[in-house]
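Quick setup: one chain, the form predicted on its own, written in structure tokens, and binding and motion questions come after.
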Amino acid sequence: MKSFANVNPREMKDAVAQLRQPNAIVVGGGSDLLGLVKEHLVQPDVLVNLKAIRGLDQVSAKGAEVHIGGLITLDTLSHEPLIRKNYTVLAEAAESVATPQIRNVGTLAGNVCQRPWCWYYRNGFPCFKNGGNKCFSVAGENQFHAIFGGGPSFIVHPSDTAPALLALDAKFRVAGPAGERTVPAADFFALPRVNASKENVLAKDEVLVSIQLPRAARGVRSSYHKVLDREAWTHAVVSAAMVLDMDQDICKSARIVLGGVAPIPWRLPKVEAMLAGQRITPELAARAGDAAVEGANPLAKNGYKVPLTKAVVRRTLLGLTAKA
């Protein structure tokens, strides 16, 4: 591992300025960055550490919104009473990440912005993510790769909190050289056909500062359901983030986002439309599961994700509507 400088700006504008140095990289919790450095995917000359900037790890209610600092740890987020009560899907997503040790240091912004865990990318193959012109998973080991939205790269987005934030209609506050901008979660993530080397719209010298959530309505229920290939320390094979606005047993509106199946958090607008204004019955939940996989295009070894996705959507929907 080569040597590098570490800088600790106390203001966000100074952090952004430091990121304009050649080969500078932002660091919050640093768990994903450490892996990238060990795997020789990045070799920074300057680490811009954000931990000296005050207030980036706080949760606060501001008018009609709740603001969450990007440096809040996943463990703190999962236990925050305001989040646990009103944005349950986000608390459940945060508590499902990796291991307790990682949740104690990993941050919300880091989880949202982490790089893919495709074994070809992480092992230095000259794939699209590494600046090459080939996705080795297409004809190789693709058991955990995308069944939606793939091409030219078939990675899946690794974040647990990203589907939850999209389901909550979050907005992302981003700081850069030109100042701050707000990006809806729906516009933050980028498919490979837009830019195969990136997963989001952040420029090199931009920082995800905080998350803004709309105030939760009284009848909203939400949940996150994650299926793993082992008990812990891994990413979702398939997950579902679900937010339902209920009037007793009638679903007024729904937002459903899948994880583990696409290069970005994968929203299901057709399923949402099916549920609006309806009483959620087992039959409707089964039809929702079927509709959830319309357009799926599995590769040679990941076709099992199709029935698994159906089941995850159906079970999460029934479990959530059963809550009083």
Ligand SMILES: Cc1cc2nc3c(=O)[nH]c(=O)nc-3n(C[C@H](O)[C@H](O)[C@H](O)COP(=O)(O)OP(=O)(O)OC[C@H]3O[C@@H](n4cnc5c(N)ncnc54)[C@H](O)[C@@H]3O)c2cc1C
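Just count from 1 along the sequence shown to find any residue number. Predicted model only: the values in this text are computed from it and were never measured.
Another form exists, predicted in complex with the ligand; not displayed. Remarks below refer to it.
No residue of the trio 92, 223 and 275 has any heavy atom within 4.5 Å of the ligand in the predicted complex. The partner is not drawn, yet in the predicted complex one stretch among 143 to 151, 190 to 198, 126 to 134, 112 to 120 has residues with heavy atoms inside 4.5 Å of the ligand: 112 to 120. Proximity to the ligand in the predicted complex, defined as a heavy atom within 4.5 Å, singles out one entry of 98, 227, 217, 186, which is 98.
In summary, among the residues 250, 102, 138, 82, the only one with a non-hydrogen atom within 4.5 Å of the ligand in the predicted complex is 102.
The ligand is not drawn, but in the predicted complex it has no heavy atom within 4.5 Å of residue 285. Taking the partner from the other structure, the ligand in the predicted complex has no heavy atom within 4.5 Å of any heavy atom of residue 238. Interface membership of residue 50, defined by any non-hydrogen atom within 4.5 Å of the ligand in the predicted complex, is confirmed.
In the predicted complex, the ligand sits within 4.5 Å of a heavy atom of residue 28. Applying a 4.5 Å heavy atom cutoff to the ligand in the predicted complex picks out no residue from 167 to 181.
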